[in-house]
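So this first bit is one chain, no partners, the form predicted on its own, shown in structure tokens.
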Amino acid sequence: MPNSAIANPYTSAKEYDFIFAGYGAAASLVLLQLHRKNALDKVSILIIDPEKKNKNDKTFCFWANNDDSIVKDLKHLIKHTWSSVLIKNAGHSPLAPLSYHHISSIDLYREVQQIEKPNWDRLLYPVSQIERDQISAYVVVNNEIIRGKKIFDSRTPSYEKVSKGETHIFQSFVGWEIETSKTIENPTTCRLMDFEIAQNNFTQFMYVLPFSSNKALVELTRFGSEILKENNAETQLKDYIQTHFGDFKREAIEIGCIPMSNAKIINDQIKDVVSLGARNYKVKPSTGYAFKNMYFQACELVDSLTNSKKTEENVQHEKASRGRFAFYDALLLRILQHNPQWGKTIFQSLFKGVEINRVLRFLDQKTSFYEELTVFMKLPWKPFISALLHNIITSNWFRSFLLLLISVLLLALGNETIIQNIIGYGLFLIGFITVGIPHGAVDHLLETGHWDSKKTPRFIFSYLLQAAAMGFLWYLFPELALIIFLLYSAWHFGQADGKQWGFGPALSLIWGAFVLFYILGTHLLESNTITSIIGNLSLPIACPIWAVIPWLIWSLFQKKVAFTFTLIWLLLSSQLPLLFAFGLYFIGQHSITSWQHISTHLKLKHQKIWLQALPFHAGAWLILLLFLYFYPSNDRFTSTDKSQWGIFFIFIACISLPHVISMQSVYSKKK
């Protein structure tokens, strides 16, 4: 079938009852659960995976009570069980009433193969696309469309760009199955985390899972941004095995990588398509454990299918976990990424200071808050406090909350008092120097990302020409210039805020117009004093303070914390002088937001951008001084003490026009 058919699928494409896009542990567990419910006899099934799954490619381990359903259902697949663990410097720790169980992936795959029926098909291709049209959901495989009444998607997940407060690292490992020359003591005891190896600026440890008195799986595991390679692991594995077990013979190699991430998975919600396994957030971010989560998802899913419940009831599982355990995971992930030297101390303190069953319940997210406090008391505080402070400072809501506190402070200092003016104008000046002007001084980088000896001079000339044209327009037709300035300011404010808050184009424009009108309209007397000076115009009506309330209600309903804080400080800023209210928004909200968007667009660090902006930043201040000195004056600019502020806003309007035009390259770029 040609590629063009993908956009307009044939209605005659073959349809299956169930399609499994990916055939790993998650899909296998769903199929086994369907078999237990006798739900496979009358359904057609298609399994799609580029690998045949005819070899042992993974080791699945989990802890559970012997009477738990996962043990009962998978008992015949459990190859090895350990009743205790060996913790370095803490001795043997019995796991009772729990046990640690091991299942080989090949045994799981073979179990599924044994229940295959004539109405099952397999395709050894990758699935390139899963979509839905007006007929049904379908997969695209090798440019062919295949329809399914239910599609189970367990392909390797892709993650969105890591945002603030999120971390994306890996648990990578290389394991050797060995036969030892000397007897392994206590083969019913496993070593979960032995950190007595070289860390090499990572968090690394050894696993030892004895299979018998002379056979074991010895695995080197790394938590970190850099994936462990087989050649890097070889020396450490060899040294460790010879030290603990003497001479050995290697029988098999296991190499793998598991995402440890709290970033959002790129996963469209499509009717009759259910995500499984890692694609459905079943990998615990801080440990990489997933098998039990996949088993319980399979049980829930099959119960809903066999009880004729709608598949949409499973959508609630297709999102990252929230709550206190997600918060704990976020802190640990940040430490493992940015301060991996703390990993060894943290895990050793955890296993040495806390009873092993409590640790495992904690990892299963089954502990009470009081139990969690007893766990935290045994851990080093410094790395967690550092991670907590960083997460708070980089949270989406923190800047809005800080602006709220500044608004409260300025209000508390009293209106037009000396101390309010000192702090208010001081913050205003610092803000303009650090980010207000600099965020528009990097426009020459937006196209190429660097100084281009051919393009940049032409760009600067064009930039200055546009600014001069705006200044000339203002001199000739101030009313028209003011109207144009207000229009492109509303447009530009809406673009920047809309990208931050996730608004569409229409809502962004409405918001930009509103926020500009709100700031000016709640300070009508001050605003009209300045607009009459610079444009011979006045706002016809005041904006009521309560106009922000509908936005606030909508924000609370949408659970947009950062936006809610923004609306609250905007509400408070209506009681501050105009210049302070405008400064809070222009610097604290708009300029910093635009700066972040520029940094993302250029893929450069903030410090490097600021340094590259410095010559143009200094030039802007020089132009401002010249502008204030030479801009033609008339009666409008001498009739009030606001005249200098009027000239200042004309200057802002002149340099804003080319900046708004330049920023189109940032905001028009497709996501």
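What you see is a predicted model; the values in this text were computed from it and never measured. Numbers follow the displayed sequence, beginning with 1.
Same protein, other form: the form predicted in complex with a small molecule, not shown, and the subject of what follows.
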Partner-proximal stretch of 221-229, 532-540, 366-374, 147-155 relative to the small molecule in the predicted complex, 4.5 angstroms, heavy atom: 147-155
Option touching the small molecule, based on a heavy atom within 4.5 Å in the predicted complex, out of A39, L32, I45, C61: C61
One residue of M470, M294, M206, I587 in contact with the small molecule, assessed in the predicted complex (non-hydrogen atom, 4.5 angstroms): M294
Close approach of D68 to the small molecule in the predicted complex, 4.5 Å, heavy atom: no
Residue contact check: Y289 to the small molecule in the predicted complex, 4.5 Å heavy atom: yes
4.5 angstroms heavy atom contact with the small molecule in the predicted complex for I258: yes
Exercise: G24 in contact with the small molecule in the predicted complex, heavy atom 4.5 Å: yes
